[in-house]
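Below you will find one chain, with nothing else, as structure tokens; this is the form predicted on its own, and questions on how it binds or moves follow later.
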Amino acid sequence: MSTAREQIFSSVRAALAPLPERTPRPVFSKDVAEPKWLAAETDSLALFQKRAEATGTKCFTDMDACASWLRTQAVRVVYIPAPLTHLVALCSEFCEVTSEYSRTRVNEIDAAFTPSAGAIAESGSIILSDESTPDRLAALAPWHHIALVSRAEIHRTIADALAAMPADPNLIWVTGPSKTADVEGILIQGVHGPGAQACLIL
């Protein structure tokens, strides 16, 4: 005879078990999902930069400009994962560079570069996935987060992005730096994530 405790944990384990197959995405008409103003926007890169900047994300298309910005932010330690070693020389002149993100150094690492899974021009969002991001904490904990975005992976619309999403168990859409507000309407950045969000478009 099972106890209430066993029944509860059995239900929890069943709920957390991987699904045998993913639920198919809903089918919908693009005419319904796409806003009318988007028809006038033909350049996805320019639209992404405009919408991202509007949400508070700094956009760079030049690595030197990105490094100069970090220098002005008085960054002391920057995390650059092994797949992005070509960026080390840019930052090593003015700060310490580490390729390992350790929880013991959470308060020391001021900035982190992480690859992205793409971006969305319509909303100015950056897409992060477990597959593309070597360390999820590195994308969420440092005050400065710089996501590397490939021009080829900028989706024009949210509908396009949904249709192209990888079979990844965890996806995050980042639209500007972390923001929260209290009951008095005072907006504060960086409480639940990076206070300064940027992207390096390559």
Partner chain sequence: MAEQKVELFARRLDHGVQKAVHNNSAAGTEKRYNVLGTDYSAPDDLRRLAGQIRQHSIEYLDTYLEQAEQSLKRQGAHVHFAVTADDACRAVSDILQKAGAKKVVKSKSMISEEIHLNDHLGTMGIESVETDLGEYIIQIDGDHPSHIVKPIIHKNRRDIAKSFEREGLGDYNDDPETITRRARVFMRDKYLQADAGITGANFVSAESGRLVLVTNEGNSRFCLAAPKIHIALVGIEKVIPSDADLAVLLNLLGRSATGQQLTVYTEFINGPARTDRPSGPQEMHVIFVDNQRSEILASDCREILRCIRCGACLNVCPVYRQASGHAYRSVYPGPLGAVLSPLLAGKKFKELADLPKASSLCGACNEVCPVDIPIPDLLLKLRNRGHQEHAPSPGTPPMGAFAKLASSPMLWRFAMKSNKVMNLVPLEKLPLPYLQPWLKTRTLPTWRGGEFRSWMKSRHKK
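Numbering follows the first chain given and starts at 1. None of the values given here were measured: they were computed from a predicted structure. Rigid core here is just the name for the largest C-alpha set that superposes within 1.5 Å across the two forms.
This next part talks about the form predicted together with its partner chain, which is not shown.
Not displayed here, its partner chain is kept clear of His86 by more than 4.5 Å at the level of heavy atoms in the model of the complex. Contact annotation for Ser150: none of its heavy atoms lies within 4.5 Å of its partner chain in the model of the complex.
The closest non-hydrogen atom of Thr175 lies within 4.5 Å of its partner chain in the model of the complex. Its partner chain in the model of the complex comes within 4.5 Å of a heavy atom belonging to Val32. The partner is not shown here, but in the model of the complex the stretch 175 to 194 reaches within 4.5 angstroms of its partner chain through a heavy atom at Thr175, Gly176, Pro177, Ser178, Lys179, Thr180, Asp182, Val183, Glu184, Gly185, Ile186, Ile188, Gln189, Gly190, Val191, His192, Gly193, Pro194. When the rigid core is held fixed, the Cα atom of Pro24 travels 2 angstroms or more between this form and the one not shown.
Superposition of the core reveals a Cα shift of 2 Å or more for Ser11 between this form and the one not shown.
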